[in-house]
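A single chain comes next, written as structure tokens; it is the form predicted alone.
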């Protein structure tokens, strides 16, 4: 059986807790990766908070996303992009992120989106 390989870009715009958006995006990424699809993750707006180190969501009764995020390299998901302006607007630095990520400006983000077969926003 031949398999058609597509490139997927999952855009994460929501904060890590308070909705299921972050977990849903990670579930889609890990599942698509099992089917050997090309997966990229882009973090925009409050989605950049998903990548912060040392999150402690136990206080609000949530599970930490760190375990799911740390599994990404095992699934060959290593194309992780972050909006440089979103980080700057929130007073964050690349060194505070839990995964290696490439910072992109708005023009580079537009190019990234245009070169993927499927784009999903969470």
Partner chain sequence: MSLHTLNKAPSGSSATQDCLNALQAGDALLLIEDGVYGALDAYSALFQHAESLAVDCYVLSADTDARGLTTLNPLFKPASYSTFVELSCQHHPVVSWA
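Remember, predicted model here, so these are calculated numbers, not experimental data. Residue numbers count along the first chain shown, from 1.
The same protein also exists as the form predicted together with its partner chain; that form is not shown, yet it is the one meant from here on.
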item	value
Residues 109, 112 and 122 all lining its partner chain in the model of the complex, heavy atom within 4.5 Å	no
Residue (of 52, 28, 84, 72) lying close to its partner chain in the model of the complex, criterion heavy atoms within 4.5 Å	52
4.5 Å heavy atom contact, residue 38 and its partner chain in the model of the complex	no
Non-hydrogen atom contact residue 99 with its partner chain in the model of the complex at 4.5 angstroms	no
4.5 Å heavy atom contact, residue 60 to its partner chain in the model of the complex	yes
Residue contact check: residue 21 to its partner chain in the model of the complex, 4.5 Å heavy atom	no
Within 4.5 Å of its partner chain in the model of the complex: residues from 64 to 102 (heavy atom criterion)	89, 90, 91
